[in-house]
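Heads up, the chain below is alone and in the form predicted on its own; it's given as C-alpha cells.
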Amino acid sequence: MFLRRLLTRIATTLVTLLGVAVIVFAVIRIVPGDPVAMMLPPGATEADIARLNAFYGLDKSIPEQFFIWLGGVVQGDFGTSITTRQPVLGLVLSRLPATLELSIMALVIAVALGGLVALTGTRLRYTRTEGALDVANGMALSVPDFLWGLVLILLFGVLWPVFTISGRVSPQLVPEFATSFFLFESVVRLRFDLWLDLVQHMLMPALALAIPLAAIIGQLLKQSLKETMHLDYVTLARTKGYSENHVILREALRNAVLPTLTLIGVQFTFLIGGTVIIERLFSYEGLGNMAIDAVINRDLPLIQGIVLLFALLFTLVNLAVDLLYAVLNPRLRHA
C-alpha cells in the first residue's frame, strides 16, 4: 500500500512538472516584448536580429522550441541565459542555496513562534491571555509578508538601525567556500564570525516571511490541542496526577501535531514563493531576486529554468510531507 502510494505520487509529480513546463513556456512567449531586441544596440540591423534569433532558437515555431528545450532539460541542459550568456542551470544552482537557507530559517522561526503561541494559548485557555494571543494572531495573519518586511526595515533599519537590512553577507567577509550554502559551511569550517554576519543579514527577511506562517501554525495547532485535551487518554493522564504542562507536552501534543505537519508542508511551498518579493525588498542575493531580474530583462531561458525549479521544489516538499504523514499516521501506515 505504501509503495503504491509512493509510485502514484511520483507519477503525479512528473505530470505536474510537465504541465508547468508547457504553461510557462507558452505564457512567456505570448507576453509582448522581444528579448533579442533588448540585447542589441539601437543601430542593429535586421541581419543582427536574425542571427541572434537563430542562435537562441527563437526563429523556430513555438512547438519546435518547446520540444528542443524539453529535450535539453531531460539531459540537464536548461539553455543559455540571454542576458548573462551563461548556462541557466549553473546560474540557478548558484542562487538556490541562498533561497533555501532563507526559507529554512524562516520556517524554523515560524514553527518556534507558532508553537509557542499554541502551547501558551492552550495552557492559559479560557483566560484573557488566550484572547490577547488570538488578537495578535489575527493581526499577524492579516498583514502579508512584504508589508511585514517594510515594517521591519522601518523599525530596525531606519528608526533603530540594529540589524543589517540589505544583502546576504558583508563585502569584507565574502567567503571562498566549496558550495553556496554559506550558513552551513561556515559552521563546518568554524567560521563563526561569518555565520553571525550571515544570520544578521538573514534575520529580518526570514522574520518577515515567518510571521504570517507562525500565525497560521499557532492557530491550527492551538485548535488541535484544545480538541485533544478532551479525549479520554488525556483525562486519564490527569487522573494519574500528571501536571497540566506534562499532559499538554507529553500526551496531547504528539497527536495534535499531525494536522499541523501537513499544513506546514503546504505553507512552506508558499513561503518559498514569497521569497521572490522579500529577496527583492532586502536586496538578498537569492533565486527570487534573480527571477525578477529575468522577468524585467525578458530572459526567457532563465525564467523557464527558475519557474521549473520552483515547481520541482514545491512538488518535492509536498511529496515529502505526504509520505511523512503516511509514516507517522498509524491508520495510513497499516492500511
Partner chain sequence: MLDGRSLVKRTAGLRLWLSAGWLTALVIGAVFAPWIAPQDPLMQDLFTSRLPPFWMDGAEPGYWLGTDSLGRDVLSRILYGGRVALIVALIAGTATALIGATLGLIAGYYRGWTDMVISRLVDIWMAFPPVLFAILLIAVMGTGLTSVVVAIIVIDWTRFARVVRAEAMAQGAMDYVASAQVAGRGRMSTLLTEILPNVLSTIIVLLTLEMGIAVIVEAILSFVNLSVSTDDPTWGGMIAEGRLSIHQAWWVLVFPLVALFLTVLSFSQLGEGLKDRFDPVLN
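Values in this document were obtained by computation on a predicted structure and should not be read as measured data. Residue numbers count along the first chain shown, from 1.
Omitted here: the form predicted together with its partner chain. The next part is about that form.
- Proximity to its partner chain in the predicted bound form holds for all of 15, 28 and 157, with the criterion being a heavy atom within 4.5 Å.
- Shown alone, this chain has one stretch from 191-199, 88-96, 157-165, 111-119 that lies within 4.5 Å of its partner chain in the predicted bound form by heavy atoms: 157-165.
- Contact check for residue 310: a non-hydrogen atom falls within 4.5 Å of its partner chain in the predicted bound form.
- In the predicted bound form, its partner chain sits beyond 4.5 Å of every heavy atom of residue 185.
- By the criterion of a heavy atom within 4.5 Å, residue 67 is excluded from the residues contacting its partner chain in the predicted bound form.
- In the predicted bound form, its partner chain sits within 4.5 Å of a heavy atom belonging to residue 314.
- With the partner removed from view, the residue among 54, 62, 44, 292 that has a non-hydrogen atom within 4.5 Å of its partner chain in the predicted bound form turns out to be 292.
- Scanning 71, 259, 175, 144 against its partner chain in the predicted bound form with a 4.5 Å heavy atom cut-off leaves one residue, 144.
- Contacts to its partner chain in the predicted bound form (heavy atom within 4.5 Å) from stretch 113-146: 126, 127, 128, 130, 131, 132, 134, 135, 139, 142, 143, 144, 146.
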